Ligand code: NAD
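Only one chain is given next, in structure tokens, and it is the form predicted alone.
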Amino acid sequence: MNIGFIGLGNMGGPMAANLAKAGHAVTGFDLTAPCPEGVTRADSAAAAAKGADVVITMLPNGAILRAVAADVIPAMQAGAVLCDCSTVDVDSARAVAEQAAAAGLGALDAPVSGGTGGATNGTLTFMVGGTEAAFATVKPLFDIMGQKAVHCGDAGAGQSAKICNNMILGVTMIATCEAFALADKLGLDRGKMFDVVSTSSGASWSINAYCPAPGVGPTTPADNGYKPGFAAELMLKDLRLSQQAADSADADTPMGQLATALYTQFVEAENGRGMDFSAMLPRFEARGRQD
């Protein structure tokens, strides 16, 4: 296929490179990031989109997505698909899908899970909203960039799935870090703690696959000084999106609200910015009982 790829940063760059390695003709655009090997650089987002069968975007937020969509949709050929892989608010995803449909284009919201490692290794998971026809068009590209793509429903469903998943992740990571800090203060060996919890009712992805305690379980960012695999500020972004969606849907999410408040404090008032989201563990270790 002819592919336009807009947003070539830490996630988009490796994704575009994998498509090029697989033999697709990829034209890319980014305001600052360089083009990866095999990707032809365009002078603008609209130029990258011109003549493309699929245009993929990987952008920081919904406002930028709306601006880019307004620029590229008029440049896209009829029948092409605009596939946004950013994590943005549900309202922006749906608004862009409506704009694309009005121009005779397909549209997908397809946020990802798997981080920069998944982008590089082609092992991302895509959560996809949009029509069956648009999903079928882009599915071969998802198969190159990732290990799984789930068609979650109509426009906005992919973003809905992503923020619900990451709300669970934020809450369970906080609970896991609290429990390890408590276990430490009770004198429980961390290895024994991991062996029990990872095979018992407290098991979760946060402990089994991404344990926040260094030297315990599989290798994680905790074993690398909490340098981010998934940065705390990105977790905060996703938690805020979850609460924005909860407000819009009139949903009661008290644990999501509390997780958002804790990561806000960690990132904006403490030392969490630039650290992995699992660095909540040393935060709790350094604190005593709060009144």
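The model shown is predicted, which means the values in this text are computed figures rather than measured ones. From 1 onward, residues are counted along the sequence shown.
One more form of this protein, predicted together with ligand NAD, exists but is not displayed; see below.
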For ligand NAD in the model of the complex, the stretch among 168 to 176, 187 to 195, 136 to 144, 80 to 88 with residues bearing a heavy atom within 4.5 Å is 80 to 88
* Even though ligand NAD is not shown here, does residue 4 get within 4.5 Å of it in the model of the complex, heavy atoms only? -> no
Exercise for review: Flag residue 112 as yes or no: does it have a non-hydrogen atom within 4.5 angstroms of any non-hydrogen atom of ligand NAD in the model of the complex?
Suggested key: yes
How about residue 259: is it within 4.5 Å of ligand NAD in the model of the complex, going by heavy atoms? no
Report task. Flag residue 39 as yes or no: does it have a non-hydrogen atom within 4.5 angstroms of any non-hydrogen atom of ligand NAD in the model of the complex? Result -> no
The one option of 11, 17, 279, 267 with any heavy atom within 4.5 Å of ligand NAD in the model of the complex is 11
Those residues of 15 to 38 with a non-hydrogen atom no more than 4.5 Å from ligand NAD in the model of the complex are 29, 30, 31, 32, 33
